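Taking the form predicted on its own, here's one chain by itself in structure tokens.
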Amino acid sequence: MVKFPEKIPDSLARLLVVFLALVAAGAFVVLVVIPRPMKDVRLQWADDIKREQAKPVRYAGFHVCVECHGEIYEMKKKGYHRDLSCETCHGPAKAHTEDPDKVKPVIPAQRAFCPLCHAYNPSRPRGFPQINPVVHNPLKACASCHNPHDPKPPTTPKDCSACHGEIARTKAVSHHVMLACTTCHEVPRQHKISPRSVKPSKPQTREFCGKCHAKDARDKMAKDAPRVDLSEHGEKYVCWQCHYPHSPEVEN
């Protein structure tokens, strides 16, 4: 009778030996070489807590600010900056709370500070107030027009381009350049005050664009507009699902 080990090929036997050697070496490293604190999560947590507790406390928290600046706090909690801690803009304030006359909080009067959040960035949510710092009230400090604790614009924007500059620039070189935004959008007045909570409308039917682009359209502004047969063109889709309305070039 042939013994079981004699059936194992030499190459497989060598592989098994190497594997067992690696397992033994790994176990030795884990059990002997690596210090216990590096393996015990509870010890790591305890060390982290001690390290953090050893750091000096620099922040006071907004609830401390309320004790002396209640009027400003009441104004801020009703405004657009209600979710910002006071120390987001004024810096660590614990030293100020301990000696208010000697240590003053930072007042970010530099023009470069507010654009950290409000300079135009396409990745920010629509409706978030954004500006081009180069052309928006050049050289003036932001606080000269806006109260940072209740940062409403001094005047309600009259043109859509005040907030939608990128769209306005795109539309300016498109076939829809002569159309006012309100031709296609119904814009509630409250949208200009609370743009993120009150949205303008946008066309929901194919027939809306058909007023200019259907083959039998009679709108005077549509005299030279491209025409399509709505019964066949685009099937069931609303026009803006295929054509970007602010620059409605046609791709073949």
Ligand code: HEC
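Numbers for residues come from their place in the sequence shown, where the first is 1. Owing to the predicted nature of the structure, the values given are computational and were not obtained by experimental measurement.
One more form of this protein should be noted, the form predicted together with this ligand, which is absent from this view; the next part is about it.
Contact check for residue 224: a non-hydrogen atom falls within 4.5 Å of this ligand in the predicted bound form.
Residue contact check for residue 78: none of its heavy atoms lie within 4.5 Å of this ligand in the predicted bound form. Residue contact check for residue 201: one or more of its heavy atoms lie within 4.5 Å of this ligand in the predicted bound form. This ligand is not drawn, but in the predicted bound form it has a heavy atom within 4.5 Å of residue 183. If you take 133-170 and check each residue for a heavy atom within 4.5 Å of this ligand in the predicted bound form, you get 136, 137, 140, 141, 142, 143, 144, 145, 146, 148, 149, 151, 153, 154, 155, 157, 159, 160, 162, 163, 164, 167, 168, in sequence order.
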